[in-house]
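Take a look at this one chain, the form predicted on its own, written out in structure tokens.
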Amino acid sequence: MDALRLLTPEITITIFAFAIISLDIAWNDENKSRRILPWLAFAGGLATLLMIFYIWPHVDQYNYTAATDAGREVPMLAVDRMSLFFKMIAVLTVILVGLSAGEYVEKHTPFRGEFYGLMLLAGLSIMLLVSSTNLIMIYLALEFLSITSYILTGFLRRDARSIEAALKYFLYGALASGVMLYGFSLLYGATGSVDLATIAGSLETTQAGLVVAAVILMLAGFGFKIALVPFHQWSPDAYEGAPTPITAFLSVGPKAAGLAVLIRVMVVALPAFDVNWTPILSLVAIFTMSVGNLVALWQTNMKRMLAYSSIAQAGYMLVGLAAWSAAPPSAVAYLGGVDAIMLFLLAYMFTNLGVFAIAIILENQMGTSEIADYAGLIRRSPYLSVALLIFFLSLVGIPPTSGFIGKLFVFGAAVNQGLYVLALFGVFNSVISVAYYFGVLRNVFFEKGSDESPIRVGVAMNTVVTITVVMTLLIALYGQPFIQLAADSAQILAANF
């Protein structure tokens, strides 16, 4: 396929983003803007998703080695199954968050066009980042994602918490970006190239200490997006202060993007480098799981609790990458861990966006996100209560939910590589998480609330909750297609090694 056709998803989402912003400027009719723009954003996301599915069967493996031969241009973007998988995650996140945001945006801000336009542009930045095969392109796409995220976090201009969250997010992000860029410069100085495949071929003659230092500095930038400990400090404040639909987006979108670029750098640039990354990745995973779960125990605000939960979930994902790094390149299980991460991320996306959809509904109804105010929800909305139960079961990793399948594969990959202590920490942290997830459910099912009036949910929000519930159960009960999807995506990623 020619380059223009391969870029049709990015072109499609860009056209819809600028169309939304332009129409919002042109229209003076607020009712028309309120009715049409959310559905135009939905149509843009759906059209982009269809373009991804259209390209998927026709994408051949991306040949990094051939691209760097003499006389041939070194590309900055790769369109392979791995990038398409993460693009699918990004676009599904934008679609589900956009559907969830309608009533919230209408209630809290008059700037609807900017909101939906920026949401699509944030999705575009993720799509560019997960395809990047060049350090310069990685940096530009990461900054594009960061800028849109900062703006969306502080979108409620009259809300002091939203502005404070955006400022903290920006300051942490600027520092992490600078550290990461310094790591890029060290890697470029050591290898003389910014192309990931060329870097891989130059590492044999490079000092190991310099490369290790560069990767650790780069991990600061990627870890910031994924919210790995100790780069997680921005997450709780940003999650609490941001508009709740944006908190939902931050919990999935940037995390998937950071994880994708970290996987690509490790697998493409560093597969044969004679340094054992397993202890570093395992240690970060253990600290991330433990800090996220332990601090979540003391949270009284739903959004802050989900922030620390999201940090813990990032630690579980990193277990898969540690398992990949522990396998020799010649082993059959070389990709075991990468495909597990993809399956885990797919399950996590539907589960977490489902939880946040319910949080948005209740905040719209009650004007608060305190856990104590969830008391008696079962009397006000049995459907939302049961849905919340399913989502929390999935986040803990209890069958028959997608979270169980995701954790089974991630921890199984660790066990297959002999990382028993790491897998044990993962299981132990999952047990800890029961306390705070079921603490919310205790309020929902067993406490009596001050208000017992029924909660009425709009069509769009009901659709989001239903889709996420169905997918959370379907990935577990009929998992083979999703397992195969993750495995195929990972195989294309590393087919050259």
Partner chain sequence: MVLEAVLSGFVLALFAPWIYKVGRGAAGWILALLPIGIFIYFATFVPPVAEGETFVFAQTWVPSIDISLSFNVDGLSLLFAMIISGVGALVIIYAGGYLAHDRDINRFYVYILMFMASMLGVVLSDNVITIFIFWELTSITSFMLIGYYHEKPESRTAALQALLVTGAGGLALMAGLVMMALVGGSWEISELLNRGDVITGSSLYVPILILVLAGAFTKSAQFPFHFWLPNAMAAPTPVSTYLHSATMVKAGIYLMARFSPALGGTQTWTVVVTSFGAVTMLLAAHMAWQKKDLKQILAYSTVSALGILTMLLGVGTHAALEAALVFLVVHSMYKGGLFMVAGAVDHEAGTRDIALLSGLRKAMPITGAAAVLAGLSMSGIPPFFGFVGKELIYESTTEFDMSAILLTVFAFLTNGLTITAALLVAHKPFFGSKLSAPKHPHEAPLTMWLGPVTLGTLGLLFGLLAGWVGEFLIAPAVSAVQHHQTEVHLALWHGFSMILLLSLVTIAFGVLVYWKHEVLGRWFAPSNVISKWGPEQWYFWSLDGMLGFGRWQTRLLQSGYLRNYLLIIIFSTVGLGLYTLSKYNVFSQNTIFRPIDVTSYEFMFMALIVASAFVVTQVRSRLAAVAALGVVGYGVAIIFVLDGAPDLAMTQFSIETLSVILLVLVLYRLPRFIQFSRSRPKKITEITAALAGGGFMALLVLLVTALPAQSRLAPYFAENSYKLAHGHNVVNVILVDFRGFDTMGEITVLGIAAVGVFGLLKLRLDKTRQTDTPPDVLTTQHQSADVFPVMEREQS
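Numbering follows the first chain given and starts at 1. Model, not experiment: these values are computed from the prediction.
If you look for the form predicted in complex with its partner chain, you will not find it shown, but the lines that follow are about it.
Against its partner chain in the predicted bound form, the set K255, S325 and G367 makes no contact: no member has a heavy atom within 4.5 Å. Contact with its partner chain in the predicted bound form, judged by any heavy atom within 4.5 Å, is made by just one of V268, A220, L92, V79: A220. Residue in contact with its partner chain in the predicted bound form (any heavy atom within 4.5 Å), chosen from Y348, F85, F391, Y308: Y308. Comparing 355-363, 378-386, 98-106, 122-130 against its partner chain in the predicted bound form, the single stretch with non-hydrogen atoms within 4.5 angstroms of it is 378-386.
Not displayed here, its partner chain is kept clear of F53 by more than 4.5 Å at the level of heavy atoms in the predicted bound form. Using a 4.5 angstroms threshold between heavy atoms, P243 stays clear of its partner chain in the predicted bound form. Looking at V434, you'd find a heavy atom of it within 4.5 angstroms of its partner chain in the predicted bound form. With a 4.5 Å cutoff on heavy atoms, F445 counts as touching its partner chain in the predicted bound form. Using a 4.5 Å cut-off on any heavy atom, the residues of 294-315 that reach its partner chain in the predicted bound form are, in sequence order, L294, V295, L297, W298, Q299, T300, N301, R304, Y308.
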